[in-house]
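Quick heads-up: the structure tokens below are two forms of one chain, split into structure 1 and structure 2.
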Structure 1
């Protein structure tokens, strides 16, 4: 059994839905996880923003505009008037719910219910199209089998038990359609796995059914050696380890959500990144035992702030680091990179919500400087210290670029450098040429 996840651009129009329908009807037993149509979740967020501001008029105008998009998609997608009428009624009921929620005191519970409707509508559209074209499919409502616990983590036992029960009840059905992203929480309220959570849904489903493979279908043919938006001569990476893929996802590669990795890794299920627009492309295979002693790819993470603390107590201040890290723990702000010496420490963060409070607390420990608009360039591969030369190539590639920090040795899979925003493209290009010279 395969799990096939399709993102918003892959189901972003009637034409794209038809393409996906052909891909998933391949004669095998597949569970298909769909995101909301591209643009839908952003519009639903906009509606919620209006309702929090008690601007019901603008919220309903936005609801009407979004419904027009779906009505047009319905007429573009189906040929049977019976199907058009049936799907139009189902979609109209969804928008009726949105208008109903707009008329009452708006809460975070209502917000989560609104945000869930995009995935619900995309699966309605796909399932109806399959049936109209003579393909038997079963709609699996995610809200019936994906639940989170009190800590907000997926309840994997609940997911496995209830998903496999629903599949068993479907008998010999081969094609299952379900929603990504959405779930219920331990209180029974509609909730979600946060943005990008459809990848997570696919991985959790794959683990629950012991899938042969999890496929993430998107609009690019796998993870690339560098960001093709900034570097011309990139190429798809043939294979990655789960650790390498997680590093790339965390440090800026947008193709895969970082949380997707763990359930697949623990259950030894390969993940394949494929391109809906070019389904013949090989894509990128992520698994536990890829080739060793190779550099795979480069990623960039923007909007980084670096904070340097220079201890006023000078040498032998054994509790200095613990006090620095305690500051970040108190404000629940994670750190990306760390560079230390006897009397100072530099750290980077990408969440500046509590920056003023962090700086204020750190000033009790020493002199504090802050640099904003920085970029982390992360080189990923098998970078264990005894694999000679890789880190030297990276450093040499940026010899004419000011480097604020270098992080190497924290893991066996990356070497990271911190540069200014204005040096990002040059750094990416230089590193790409040094590590992946044109043949």
Structure 2
């Protein structure tokens, strides 16, 4: 069994849906995870923003515009009037729900119900297209088998039990269609796995059915050596270890959601990133590769805040760092990078919800300074410390850029540097040229 996840652009038009239908009908047993059509989730977020501001008129205008897009897709996608009428009714019911929710007091429960509709509509469109073209498929409603627990983490046992039950009930069916991103929470409310979370759904499913492979089909031919939105000459990376992929995803390589690596790694399932627009391209294979002394790729994570605590009392004080970390633990705020000296420590965070509280508490320990709008540039590869020269190349590449922090040695897989937001593109470009000079 294979899991094939298609992102927003991959199912972003009637033409794309037809392309995906061909790819998934390959004679094998596949579970197909679909995202919302590109732009849909953003529009649903916009609708919710209007409703939070009690601007029902703008919310309804936006709902109408979105429905128009779906109506057009229906006409472009199907050839028989019966299918057009049937799907139009189903999609109209979804938009009826949106209008209904817009008319009443708006809560976060309604918001999550609205956000779920994009993925639900993608599966309606795909399933009906398969049916019209004579391909048998079974719709697996994600809300029946993906549940999160009180901490918001997926309830892996529930998923495994219920997904496998639904699959068994479908007999020897070969093709399953299901929604990414959405779930129920422990209260039984509709919820989601956070933006970009369809990749996570795919790997949770892969783990639950012990899939042979998890394929992430997107709009680019694999994980590239740097972020193609900022760097011109990048190339697809042929293979990555799970650890390397996890670092890249966590530090900003948008092509993979950071949470999606762990379920695959724990179950030893290869993850392949493939391009729906060029299915013959090799893409990137993520698996348990032994390290082989190369730098693979670079990613950048925005909106980083760095906090420095400086105190002469830190000198030889064995409990200073534990007191600093306790502050972050109290407010459940994870730290990304750390740099320490005998008299101070700098740490970075990306969640600033509790920044004031953190700073207030840290002021008891020393002088505190905060720099916002920073970017972590993370160079990933086989950077085990005996492999000489890589750190030097990275640092040399940014010699004319102010560097706020450098972190190396935490894992065998990355060197990270912290720069200002305005220096991000130049830093990425310089590092790309230094590490991959043939590009």
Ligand code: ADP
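Not measured: the values here are computed from a predicted model. In this text, the rigid core denotes the largest set of C-alpha atoms whose superposition between the two forms falls within 1.5 Å. Residue numbers count along the first chain shown, from 1.
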Inset, instruction - When you get a sec, tell me if the form predicted on its own is 1 or 2. - result: 1
Inset, instruction - Establish whether a shift of 2 Å or more occurs at the C-alpha of residue 22 between structure 1 and structure 2, with the two forms superposed on the rigid core. - result: no
Legend entry - Did residue 367 shift 2 Å or more between structure 1 and structure 2, C-alpha, core superposed: yes
Inset, instruction - Determine, after fitting the two forms on their core, whether residue 397 shows a C-alpha shift of 2 Å or more between structure 1 and structure 2. - result: yes
Inset, instruction - Could the core-superposed CA displacement of residue 329 between structure 1 and structure 2 be given in angstrom, to one decimal? - result: 4.0
Inset, instruction - Please state the CA displacement of residue 422 between structure 1 and structure 2 in angstrom, with both forms fitted on the core. - result: 4.3
